[in-house]
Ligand code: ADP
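Below you will find one chain, with nothing else, as structure tokens; this is the form predicted alone, and questions on how it binds or moves follow later.
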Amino acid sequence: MQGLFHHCILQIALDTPLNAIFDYRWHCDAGEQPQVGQLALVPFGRREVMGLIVGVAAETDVPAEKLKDALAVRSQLGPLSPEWLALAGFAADYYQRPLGEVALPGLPKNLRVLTTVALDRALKKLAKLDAPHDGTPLNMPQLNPSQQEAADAIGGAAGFKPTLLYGVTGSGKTEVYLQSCAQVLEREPDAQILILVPEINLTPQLEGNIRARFPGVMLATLHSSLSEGERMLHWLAAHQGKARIVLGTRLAILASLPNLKLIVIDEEHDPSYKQQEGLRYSARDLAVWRAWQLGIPIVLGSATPSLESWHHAQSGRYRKLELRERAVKNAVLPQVKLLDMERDKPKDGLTSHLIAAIKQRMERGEQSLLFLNRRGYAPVICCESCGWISECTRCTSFMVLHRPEHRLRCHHCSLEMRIPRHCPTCGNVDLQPLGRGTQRVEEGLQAMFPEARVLRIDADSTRKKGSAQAAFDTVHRGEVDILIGTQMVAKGHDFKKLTLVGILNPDTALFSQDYRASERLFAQLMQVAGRAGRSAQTEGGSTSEVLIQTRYPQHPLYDAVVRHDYDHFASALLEEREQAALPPYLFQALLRAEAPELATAIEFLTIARDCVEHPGITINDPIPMSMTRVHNVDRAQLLVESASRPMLQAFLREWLLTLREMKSRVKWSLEVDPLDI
């Protein structure tokens, strides 16, 4: 009886900080063999954990007495494809993380639990769902010549073909995406398409458009606001090839898609595509690599492309397609005007010119949008008697006043406290708010325009699930006269009646120490300006306007915004970057260290700087991070640079081996291609 069974060795990646693959013994009969890409339940220390089989071997170097048995294999789930495993392997290698830390968190949490109850339930539910394969689109609108040329070029592309779709706001990039998808689905019956958007609140509108256009195609969505059960179901639909269109945020790039034939990255410039915790990966960059790996086309769309993508297009690495006109007939780009705040002193944060423009839109029955990328009531409260200000006790930041909630709140560590009745230092009861957030602007508008329907959309007003989409629906129905919002309202939304955009307090970004600040500010201003005038001009001939309140109207960045001139602005920035030896002409990695005391973190980074020889690599001195203390932890950083990406990668591999051997209580992490320095 014993001869009927044999054992094999499963090489399993686990979600641990250890950069290793672990060997386990598996007893099986001759007809049952675990496969690479399946999940397996194994003992690890005193726990039982889920791992990913990345190899099956006949023998191992691990002594028999130390070799543990795998407990179970998730055989009811088809194995992840070799292409998916290669994607996870590339991400682990490039971002210098263990394979298990990349692959396993990319899977739904319910797949990684110890029992199979959730998986069995989802598989049964998915089996009952119809999986229509009729890719015939409905209600295909007529495209203008530029749109049609772009859609045909993308939809008809064969092989790896990276395309930058550069189109002004309102030029109909979404329609180009959809009609390109229609061509791919019509040509390849089992094709799958991945569409990425930068933020969750952009998915409902696009999801509605896709469902209306492709009623015979199964659509799956993947983003963090889904329940674990929903995410499991949608992931399985993609994994089994039933979902032919997958729409999601950055985590969707790690979805299992066995028949992927086209990738679309909308608003490709958006920094939200870069994960800022754990595995600090760029979904946009991984998407380009995945398209290259599979030999399929990828399109990156934006009205304000990232300088990296623009540089690739200028150098010929990417094909560039342009949409220079708005898609709606007679719709034109808004007129951008600068309001000098030194001449026109603001009242309650608004200049007289902007107030008059809002009043004019209300009389016409049109909508206005006020953009202020600062939530809360005021950034800080202070005592004018002694100079006390509301600093966070755990961070090097201020406690933001949230007046409707009667709270002070730190936006970095989430510490909250009641608004003090008097100054903690001198006892003065007259504490004053300094500056303005969206709550304070909302209060001022309600006082100025008591008859107006005012709505605020920011992270505070949309905390409940579904509240953001309900708020946007209210705007789309025309039930709002004045909309106030942060970056949540700056992109992707098509407000038909909106003809005025007022931009408040953009000047702070002009003086940031971050060399990317001007690029981000320009993109932000152009994106929010693009919300105005997306429909045809009214019969009365009223034109859409964007009014920017600034104390520096002569700044060249604002001049480029007024002229809607991304081309020259990007060219000038690229020239500056090349002269200063900054990305995309240089490659960077950032080593961060955290400790209870700043000196401890700096000491660790100093030792790290000198522990390995580094010819061809520049390692800068360790410095405190701009936000030095967060939640009672001090933070410092060390910037590593090289003109050669392969040379930098080779150095990082050797460096990390040494760092992992160093005995230190300092918590440290490495980020490749950092966005925030």
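One-based numbering along the sequence shown. Small disclaimer: the values here were computed from a predicted structure and weren't measured.
One more form of this protein should be noted, the form predicted in complex with this ligand, which is absent from this view; the next part is about it.
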This ligand in the model of the complex has a heavy atom of only one listed residue within 4.5 Å, and of T174, S544, T351, T163 that residue is T174
The one residue among V328, M362, V380, I607 placing a heavy atom within 4.5 Å of this ligand in the model of the complex is V328
Given that this ligand is not shown alongside this chain, does Q96 nevertheless sit within 4.5 Å of it in the model of the complex, heavy atom to heavy atom? no
Would L431 sit within 4.5 Å of this ligand in the model of the complex, counting heavy atoms only?
no
Open item on the list: Even though the partner isn't displayed, in the model of the complex is G170 close enough to this ligand, meaning a heavy atom within 4.5 Å?
Closed with: yes
Contact with this ligand in the model of the complex for P141, defined as at least one heavy atom pair within 4.5 Å: yes or no?
yes
TL;DR on 251 to 259, 190 to 198, 580 to 588, 493 to 501: the one with heavy atoms within 4.5 Å of this ligand in the model of the complex is 493 to 501
Contact check, 519 to 534 vs this ligand in the model of the complex, heavy atom within 4.5 Å, ordered by sequence, gives R534
